[in-house]
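This document starts with one chain, in the form predicted alone, laid out as C-alpha cells.
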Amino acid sequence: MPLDERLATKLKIVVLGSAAGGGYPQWNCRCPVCDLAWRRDRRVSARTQSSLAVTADGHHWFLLNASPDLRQQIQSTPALWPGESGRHSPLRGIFLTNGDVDHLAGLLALRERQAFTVFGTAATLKLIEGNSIFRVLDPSLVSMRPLQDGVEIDPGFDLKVTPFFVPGKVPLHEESGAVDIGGIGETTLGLEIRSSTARLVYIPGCAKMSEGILRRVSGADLLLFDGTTYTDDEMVRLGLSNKTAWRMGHMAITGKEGSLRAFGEAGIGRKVYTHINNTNPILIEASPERRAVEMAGWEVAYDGMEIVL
C-alpha cells in the first residue's frame, strides 16, 4: 500500500497555531522572549494563535478551535486548501473548547458560504448566537451543535469525540465582578478524540489538575496540554500584567501545582505543550526551561508540527 494511503488510515494532527492569545511575538511586546523574535534570533520561531486540525481519513478535517490567525494557518497547510473547482473545503467542522476571542474569532474568516458544523457547549454557542457579528455565518449552511460533558459524539469520517469539562473560568470578555476560577462547568472543555487506531486528548486551557483529567489522559497516545506560562507569576515579574497564570485560568508548567509534576506518572505516549504565551521561555531552543520540559518527556509545539498516530 502506498505511504499516502497508509497515512490516510491513521489519526493525523497538524498544529496550525501553538501560541496563546496575541501570538508570538506579540505585536506590542518587547519582553525578553519577544525581543529575541523581533531581533530574528535563530533560537526562536514565530507562532500564530492556538488551533489544531485533525483527520482520520486524510481527506476530511476538523478544527479544534478557530484562531484569529485561521486564514493564514489554512494558507500554510496544503491539506486544508480547496480540492475542487469552484467553492470547496475539506473542513467539516470546528470544535470549540471555550468562548475566548483567540478561539472564536477565526470563525469570521469562514464566512464565504461554506457548509460546516460548529461544536461547543451551550454556553459557548450562546456567545456566538448572541453576538450579531457572527451572523455573517449563513445559518442555512453553518449549523451549531451543542456538546455535553462526557457524551461522545460521532462527527463521521472515523472520528469519535468526547468533550469533558475541565477547571477554568469564563472568557475575559464575559468577566464581571468577582470571577470564579477553577470551577468545572460549560466554560472550559477538554476533548478526547478517537479513531480506530489511536486516541488523543486536547486541553489548551486548564486552571488546575483534577482526578477526572488524570483518568481521562491515562494511556492516551497523545496529550496536547496548556503550556501558557512557565511560572505562575511570570507576567507579574516581568511587569506586563497584574494577573498570574491562575488568575487567567491557566496552570503554570512548574511549581507544586504545575503540570510538569501533575502528569509525571500518567502513562501517556507523547506529551506536547501548546497554547504557549509570548513570555514563556520554553519558546527559546536550548534554554534551561526548554531543556527542563524535554528532560521530563515533553515536547514543545510549533506551527506546522505534524503528528501521525
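Residue numbers run from 1 along the displayed sequence. These figures come from a predicted structure and were not determined experimentally.
Not on display, but discussed next: the form predicted in complex with another copy of the chain.
- Taking the partner from elsewhere, residue 170 is found to have every heavy atom lying beyond 4.5 Å of another copy of the chain in the model of the complex.
- Among residues of the shown chain, residue 68 is one whose heavy atoms approach another copy of the chain to within 4.5 Å in the model of the complex.
- A residue is said to contact a partner when one of its heavy atoms sits within 4.5 Å of a partner heavy atom; residue 275 fails this definition for another copy of the chain in the model of the complex, lying far away.
- Although the partner is absent here, residue 196 is not a contact residue: none of its heavy atoms lies within 4.5 angstroms of another copy of the chain in the model of the complex.
- Checking 144-152, 131-139, 215-223, 158-166 against another copy of the chain in the model of the complex, the stretch whose residues place heavy atoms within 4.5 Å of it is 131-139.
- Proximity to another copy of the chain in the model of the complex, defined as a heavy atom within 4.5 Å, singles out one entry of 268, 36, 29, 53, which is 29.
- Comment: another copy of the chain is not present in this chain, but in the model of the complex one of 209, 127, 184, 201 has a heavy atom within 4.5 Å of it, namely 127.
- Although another copy of the chain is omitted here, in the model of the complex none of 253, 287 and 292 has a heavy atom within 4.5 Å of it.
- Shown here without another copy of the chain, the chain has 40, 47, 48, 49, 68, 69, 71, 72, 74, 75 in 39-78 lying with a heavy atom within 4.5 Å of that partner in the model of the complex.
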